[in-house]
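The form predicted on its own is given below as one chain in structure tokens.
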């Protein structure tokens, strides 16, 4: 009997699967989707829709990175404005630095999440003979962001050459969808000529906010307490790189200015780039990689009614 029990235990042990802790999480493909970067929301009743003067004025905002870029480089900030600082005191004009919020990756399906708090004090409305004060509380996020777009394109160095073999591909437009960022490469048109392949890259602001030149100087001007961004600073996206496989073709791209920025008109723009493809090769498929960098501004609002306590 004892021998039978031992044999049964060995059989059961051999059939049991143990979790050794060495299993690796499988990467997720197609994670670069979506048209938002940072999501800002007021937490419920912070501030409440109706308050009395002389009460603490608390504002708490939740910030979540919905995209694939990184937020919070030390200069990215969140500002509260839209009210008279003589009536609501204690909330500064310098904003609060955004915390480091990593973006989504092939291994992490959700970006960083955090909250930011502001505490002010409401001055007496009775003393100022004010029956009701109705400010519109604005929360403005100013941050750097990055778009990375990937597509597989067809390069045909000799499109008019006769061939007796089947072509693996034909140059045509390629849809790129969204890239998990508020500025997107919507599609790429590919045109072949002898010795050259030309790419028309379509870029669009799809996030609902304002895009501006990449750089710390412009980020500081994004504050609602500064004079603001100028006409030649808004609606610009920096073309950081355009690569075919491991070859950069950024130097061929037009129209970009001396600092590598593309101007958007009505939220959209086009980049024209070329690849020198020596004749004699047959058509082939290759990856196209586009990297855009820019500043982004988003604003949300919440109305508040403030009444005298007595």
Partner chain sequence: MNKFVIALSLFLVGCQLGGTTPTPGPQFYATGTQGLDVRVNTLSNNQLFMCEEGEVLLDLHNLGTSDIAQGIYTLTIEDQILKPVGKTKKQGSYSLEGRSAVNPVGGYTQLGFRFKTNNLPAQLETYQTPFIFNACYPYATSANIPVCIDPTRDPQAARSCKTTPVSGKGGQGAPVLVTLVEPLMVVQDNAVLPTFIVHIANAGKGRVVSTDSLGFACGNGGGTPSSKVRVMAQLQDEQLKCLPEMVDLRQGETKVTCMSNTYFGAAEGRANQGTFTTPLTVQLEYGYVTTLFYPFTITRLAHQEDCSSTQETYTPSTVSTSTDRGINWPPRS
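Residue numbers count along the first chain shown, from 1. Keep in mind that this is a model prediction, so the values were computed, not measured.
The protein also exists as the form predicted in complex with its partner chain; that form is not presented, and the subsequent description refers to it.
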**Request:** Mark residue 42 yes when one of its heavy atoms lies within 4.5 Å of a heavy atom of its partner chain in the predicted complex, and no otherwise.
**Result:** no
**Item:** Close approach of residue 167 to its partner chain in the predicted complex, 4.5 Å, heavy atom
**Value:** no
**Prompt:** Is there any non-hydrogen atom of residue 175 lying within 4.5 Å of its partner chain in the predicted complex?
**Reply:** no
**Touches its partner chain in the predicted complex: residue 152 (any heavy atom, 4.5 Å)** = no
**Request:** Pick the stretch from 75 to 83, 194 to 202, 107 to 115, 181 to 189 whose residues have a heavy atom within 4.5 Å of its partner chain in the predicted complex.
**Result:** 75 to 83
**Request:** Select from the listed residues 240, 96, 138, 220 the one whose heavy atoms reach within 4.5 Å of its partner chain in the predicted complex.
**Result:** 138
**Message:** Looking at 52, 284, 272, 31 here, can you tell me which has any non-hydrogen atom within 4.5 angstroms of its partner chain in the predicted complex?
**Reply:** 52
**Request:** Could you list which residues of 107 to 143 come within 4.5 Å of its partner chain in the predicted complex, counting heavy atoms only?
**Result:** 123, 128, 129, 130, 131, 132, 133, 136, 138
